[in-house]
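Given next, in structure tokens, is a single chain: the form predicted alone.
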């Protein structure tokens, strides 16, 4: 990263920009590509975490039952790495979007809490959060903003705590999926950022927006399945493209306010 991408460099028609800027409701679906620009390794793909570590030992209910000490040592390390990282320009633009649209949701597959650190409030964490701990006995959830010290950590009831994340072989929370689906269905615009959108049910969210008559704007490093139906696909770093896109949209919004006779789509 580091290139100063100009708003005029984006391949978007003025009509599309007007519709994005004038929308009342929007959402952003984010994946590992956004956090990777903050130095947090992705899980899948070339160079991903699962190339180096056995997910069966570290990210499954069975692996936790067999060796909770090992699992928590790994998650403690991940917490420390994530705490050292900082939100990047894409995270901050997404947080600014929330102040622009009347209705706005961040639908993220990431567990690192970067969106909240950047200032986003309405965040639906599809795969949970590494900063929440859940009691294995009664399901009580505890929030933390620092890496765990005791391994394995214990609930006040004496039972073990586990990371409140979705492991392999576990379903996503029905309430979380329902909240994300509602947001997708009501979005006039969905930005799909840093995700290949191949893992369901997250992959269905932009399709829901599209089928509901909304726009789908993709920002990814390379073409994905979303590219085939997106209204616009912008290829490159999210930390470069989103600031340029947002700058262009805010200029359009300002112009529309100064010329109210122009329809606000």
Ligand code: BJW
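Positions refer to the first chain, counted from 1. Treat the numbers as computed from the prediction; the structure is a model and nothing was measured. The term rigid core refers to the maximal set of C-alpha atoms that superpose within 1.5 Å between the two forms.
Although it is not shown, the form predicted in complex with this ligand is what the next lines describe.
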| property | result |
| --- | --- |
| 4.5 angstroms heavy atom contact with this ligand in the predicted complex for residue 222 | yes |
| Residue 157: touches this ligand in the predicted complex, heavy atom cutoff 4.5 angstroms | no |
| Contact flag, residue 236 vs this ligand in the predicted complex, heavy atom cut 4.5 Å | yes |
| Exercise: residue 195 in contact with this ligand in the predicted complex, heavy atom 4.5 Å | yes |
| Sole residue of 226, 32, 26, 217 within 4.5 Å of this ligand in the predicted complex, by heavy atom | 32 |
| Partner-contacting position among 75, 131, 104, 191 - heavy atom within 4.5 Å of this ligand in the predicted complex | 75 |
| Per-stretch contact check against this ligand in the predicted complex, the hit in 138-146, 183-191, 169-177, 114-122 (non-hydrogen atom, 4.5 angstroms) | 169-177 |
| Stretch 102-119: residues contacting this ligand in the predicted complex, 4.5 Å heavy atom cut-off | 109, 110, 111 |
| Post core alignment: residue 212 C-alpha displaced by 2 Å or more between the shown form and the other one | no |
| Core-superposed comparison between the shown form and the other one, residue 61 Cα displacement 2 Å or beyond | yes |
